[in-house]
Every structure is written in C-alpha cells, then in structure tokens.
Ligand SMILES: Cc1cc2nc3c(=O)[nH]c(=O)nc-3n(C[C@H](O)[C@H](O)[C@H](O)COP(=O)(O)OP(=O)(O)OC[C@H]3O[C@@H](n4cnc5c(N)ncnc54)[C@H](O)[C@@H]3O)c2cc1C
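In structure tokens, the next block holds one chain alone, the form predicted alone.
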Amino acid sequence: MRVAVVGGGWAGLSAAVTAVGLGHDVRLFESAAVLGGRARSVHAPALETDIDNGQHILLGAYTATLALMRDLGLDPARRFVRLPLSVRSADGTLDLRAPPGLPAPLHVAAGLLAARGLSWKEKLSALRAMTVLRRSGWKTPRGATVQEWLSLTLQPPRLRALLWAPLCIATLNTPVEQACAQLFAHVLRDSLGASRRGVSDMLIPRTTLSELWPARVEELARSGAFGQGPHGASSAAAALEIHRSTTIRRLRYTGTGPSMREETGGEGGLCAGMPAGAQRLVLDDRPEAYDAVLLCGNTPSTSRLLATLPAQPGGDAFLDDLRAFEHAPIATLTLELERSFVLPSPMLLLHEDRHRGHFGQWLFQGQDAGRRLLHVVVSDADALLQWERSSAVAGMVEQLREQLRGHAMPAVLQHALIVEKRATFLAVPDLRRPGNRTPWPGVWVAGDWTDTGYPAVLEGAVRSGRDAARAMHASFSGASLGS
C-alpha cells in the first residue's frame, strides 16, 4: 500500500519507519529543511556550529525510542551519557543522588534520606508522597493539579519550591498551579518510582538531536536499505522516500482504492478503516494518490489539514479538541566560553528569580569536544519573551555566575538564544487528547499530543507514531494491533 506521512518530527519518523517495516511504500513530507521537528539540530552562525533547538533528556524507561534506535542499527549506549537518578543544583543547595548497589525503588528512598539540602521533615514528606502514590496505583484525584496534589500530600512550601516545582516544569513544561497531577504521577512512576533501577536513569545525548537517530533514517532511505528487508520489511515493494522543505496545505479524496477492512470502535467510536471502493487521498495537487495518510505535525497544523477534507460525523468535535490545546514556548540559551569548562554534573538545577532576569531552570554540559559550550533551558518561557533579548541573556549569565559557586565560569565569547514558540502543549487536567484514529477514512494522526499517557515528551511522540502506523496497517490487513 502507498502511505503518506506528513511531518518529519520524531512521531512522523517513527510512523514512517514502522510503516515501511510493515511492508508499505511510504513518502514522508517535512516542511523544514532538517528532520526532527521540535527536537532537531540547527546551525548557529554566531557559534559557527550546529546546536540543538532545545536540550532534551530521555529516561531508561523510554523503551520505544531505544528499540527504534536499535532497529536502525544504532547502539544507545554509545549515543547517550547514562546518568543515574540525580537532582543536583548548581549552587549546591540540593544534592539528591540514588546510591549505587541498591535495587529499585529502595535506591530512591535511600537517595532522599541521604540528600543534602533537605530537612528531615522535608525528606519524610517527599517519601510519604511517593508512598501514597504507589499504594494508590499511581492514581491522583480526578482533575487535580500538581499544586492541589502537593497540598493534599502536605508537602512543605520549601520542598515544593526546591524539588517538586522544578521537576514538574522540567517534565510537563507546565507550572504546578496548572499542571495535571495524573500526568505528573505517570512521570514519577517511571522515574522515582521505577521498579527496575535502570529505567530511572537519565539519558543525555552525546550527539546533536539530528545525529542521534533522525539522520540515520534519512541515510537508510537514501541508500534504499529499507526496501531490502533488514528492518523487518515484509514486502519487496516497501520503501521510504523523504521530501524535506515541502509544505502540505490540503488533502482531498479522489478515485477509488483497494479494499480496506471497515472497522468501528476505538476512541469515541470513530470509523478507523476505509470500506471497499473508498476513495484514495491526494496531497495538494500532486499526481500520486495514497491509500492512507498519517498526519504527524502539531495540533494547529493537523487541524488545518483535517479541515480541508469533507465533513464527517464526529469531525467537528475532533477539530474542537485539537483547537483546545494551548501551547507554551521553550527557550534554550547556548553559551560559548573562552576556554574549556566542565560542570560538576552533566545536568544541574538552577534556581529561578524572574524579577532579576534569572530565567534559567536547568543547565547542561554541551556535547562539543572542547567542553566550551553550556546550554541553559527555560521551560514555560513566556515571561522571558517579555524582556529585551540582550537583557535576558545578561540576566541568565549573571545567574550562572552566582549559582556556580566554587566554579569560576570563564568569560562568554558568543551566545545563541533559540525560542521554540510552540515547543510544547500545556499539560492541564481533563485535556481531551485524541487517539490515533480520526473520523476521516484513511487518515490517522500521531504526535506527543495524542493520548500517550505521557506529557509532551519524545517517547510519547515515538510511541504515537509507531501506534498510528500499526493501526493503519491493521485496518488494511485485518491484523490485530498487537501483531
């Protein structure tokens, strides 16, 4: 079958690789010049090098991403710095590290009890909150925010500010007063509450995000390797063709296509399949027609494309759900120092003071061989955008110098500030997140915003792309989604 994937981010690439592996002929269309979507590399002229458009970390629990990398012939152990569970502040006021040798989840409890910078009351309060979550099956009160959950579990104000709020903003990219407690519980379950020690490890890329694995997909597609079967392709006709710098603006039905199994049910009882003789899909005015289209962009671009199709029962409600998503910017400041500078840990917590322009929340060591790059991450960066750019940069440099106590940071030679204005969606309670099926025959969606059980994280994007391709394949073949 011929399949079109619109969007070359992590969801789209995952969908394309999965669809090819299931034997389909796939064309992928990406509007940008570089694959990776909101997790890609860009050239920074001021630094004369490529940097990521935002710093990302993964967890050992991100099984779909790690499996995909292995399927592409990549060794995750060589591409990540594996950091055992650790929350360390740049100024030394907090140092929580899981000790070696203990099994999960005892390693977290031991790390909390041995943590520097927390009082015994704060340590026991944190342990109590985790114990309550575990006993509840990682369920929180319906509709609760993280702030409400922190109040219900009697977390002291200083502990909230020092530990819980930074963890919430880092994982959900949403302030505690707005963030969904249930999604936060899912993150805690797979990190602090992990049942196997390795899955709570933090994985920090050694390469740029484009080099991590998206470039490998393009390399294999260019060489025709996907059509040769080493990645599970079940048909000699399976192939992947990638079109970058190509924006798709319209979908339409035309002609008649091969029979697909008509399938109802799933999320909201939506029709997932195409009946015999159903029309095929065309992108813009391109001559080729597709048996299925997987839309793998963000919610605004996905809703715009779906709105170009004829009305379907349930379509208006589906579009209303997509339009209800609110987005938040993430900013990343990369600093080039005059000489090598090694942080005490590859990832450090920063304390915010927005009135002073201290917007940085996390500090990362750069991947450059000379150890001269540092990355400062600001999630929920609306407040930063209200500042004049040079003043905001100066404030964050001042923040680093103050908080890196005992570590004399070298002079800053150059900098690059990248802002992704729609980097993430606000993970608020009761947000209606669709599954992969849509009311439009032959059209599926994928992205970190679908109902993955995770907030807007890379693993969610990879899982969503994989699951959308599997659902599409099952509708063609009548196969079980688990096959």
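In case it trips you up, residue 1 is the first one in the sequence shown, and so on. Since this is a predicted model, take the numbers as computed values, not measurements.
The protein also exists as the form predicted in complex with the ligand; that form is not presented, and the subsequent description refers to it.
Non-hydrogen atom within 4.5 Å of the ligand in the model of the complex for each of A11, N53 and D448 = Judged in the model of the complex, A11, N53 and D448 all sit within 4.5 Å of the ligand.
In the model of the complex, segment of 291-299, 385-393, 100-108, 335-343 with a heavy atom within 4.5 Å of the ligand = Correct option: 291-299.
Option touching the ligand, based on a heavy atom within 4.5 Å in the model of the complex, out of L322, L220, I330, V187 | Residue within 4.5 Å of the partner: I330.
Just one of A416, L68, I57, A61 has a heavy atom within 4.5 angstroms of the ligand in the model of the complex, so which one?
-> By the 4.5 Å heavy-atom cutoff, the listed residue in contact is I57.
May I ask you to check whether R27 falls inside a 4.5 Å heavy atom distance of the ligand in the model of the complex?
-> So R27 does not count as contacting the ligand.
4.5 angstroms heavy atom contact with the ligand in the model of the complex for A90 | No, A90 is distant from the partner.
Would Q155 sit within 4.5 Å of the ligand in the model of the complex, counting heavy atoms only?
-> Q155: no, not in contact with the ligand in the model of the complex.
Exercise: G442 in contact with the ligand in the model of the complex, heavy atom 4.5 Å = G442: no, not in contact with the ligand in the model of the complex.
In the model of the complex, which residues of 170-186 put a heavy atom within 4.5 Å of the ligand?
-> Residues within 4.5 Å: none in this stretch.
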